[in-house]
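Just the one chain here, the form predicted on its own, laid out as structure tokens.
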């Protein structure tokens, strides 16, 4: 399976673990991720607050490059995914917008291809059966809170790939890896996004509530498909503990990291040593369960 691949700005910096684990999983599942040559920033999350045409033109240029190759586009970051889906929908619905965008990027773009979340690519494109058949170290007994965030499945009118209130694609992947997705009500609650940096007093309680509910529901870890969500729930967990008088110690993973572990990757080769909440005690616990 071949698909154009847009890594975005975070996968070489704060989200490098996402890139490493995605590459590992792709190699195990015969997924050909063709990284878009000369890709540019999609504008999230500032362009749309400055100029509407700019907010469309930035992601459209990337999509146009993939369209030339006749390929759909795989997008790891949820914020990037949302911007791509937005221009895709607007160009299809309004010929005038299509012409304005094409003029701005000096390239034809008619939205004949589709933006696909990396989660959708693995769950729906590669398929659960192939994922399950590639597992060599199952996540036996691991209780996981699958956190989708608010961009991957909303707004529904953009034609997202999963249900807006109770998405299941990540849960299904965890099950295919031998883990146990917990039933919890905060799958699509907002984690605070950039507000945690700009206004911590407003943003931190949002991430606190996600961690609190996941813990109450019996989760041993959280798993997400968004670099911003992972940063808020992993990097800021110590700050949340200090400021909001909590005692959380919940590892947070990208879904591709758990896939890679179940397929035999070592923690170091997929960047688990870069996490702020140490995931290694839990990884070792999974291994002991498998042995038992």
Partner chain sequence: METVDLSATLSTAKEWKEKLQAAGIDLSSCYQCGKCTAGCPMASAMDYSPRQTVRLLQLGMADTALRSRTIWLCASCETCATRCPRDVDVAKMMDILRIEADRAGVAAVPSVPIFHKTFLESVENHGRVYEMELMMKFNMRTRKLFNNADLGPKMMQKGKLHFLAPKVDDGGAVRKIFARVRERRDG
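Residue numbers count along the first chain shown, from 1. This one's a predicted model, so the numbers in the text were calculated from it and none came from an experiment.
Not pictured, yet referred to below: the form predicted together with its partner chain.
Q: By the heavy atom within 4.5 Å rule, which residue out of 90, 72, 120, 220 makes contact with its partner chain in the model of the complex?
A: Only one listed residue qualifies here, and that residue is 90.
Q: Out of 111, 193, 174, 131, which one falls within 4.5 Å of its partner chain in the model of the complex, going by heavy atoms?
A: If I apply the 4.5 Å criterion carefully, the residue I get is 193.
Q: Which one of these stretches, 160 to 168, 72 to 80, 111 to 119, 131 to 139, sits within 4.5 Å of its partner chain in the model of the complex when only heavy atoms are counted?
A: That would be 160 to 168.
Q: When the contact criterion is heavy atoms within 4.5 Å, does residue 44 count as touching its partner chain in the model of the complex?
A: Yes, residue 44 sits close enough to its partner chain in the model of the complex that at least one of its heavy atoms falls within 4.5 Å.
Q: Even though the partner isn't displayed, in the model of the complex is residue 126 close enough to its partner chain, meaning a heavy atom within 4.5 Å?
A: Close contact is absent here: in the model of the complex, residue 126 is far from its partner chain, nothing within 4.5 Å, heavy atoms only.
Q: Applying a 4.5 Å heavy atom distance criterion, does residue 280 contact its partner chain in the model of the complex?
A: No, residue 280 is distant from the partner.
Q: Would you classify residue 50 as touching its partner chain in the model of the complex, given a 4.5 Å non-hydrogen atom cut-off?
A: Yes, contact at 4.5 Å.
Q: Along 97 to 116, which positions have a non-hydrogen atom within 4.5 Å of its partner chain in the model of the complex?
A: Contacting residues: 100, 103, 104, 105, 106.
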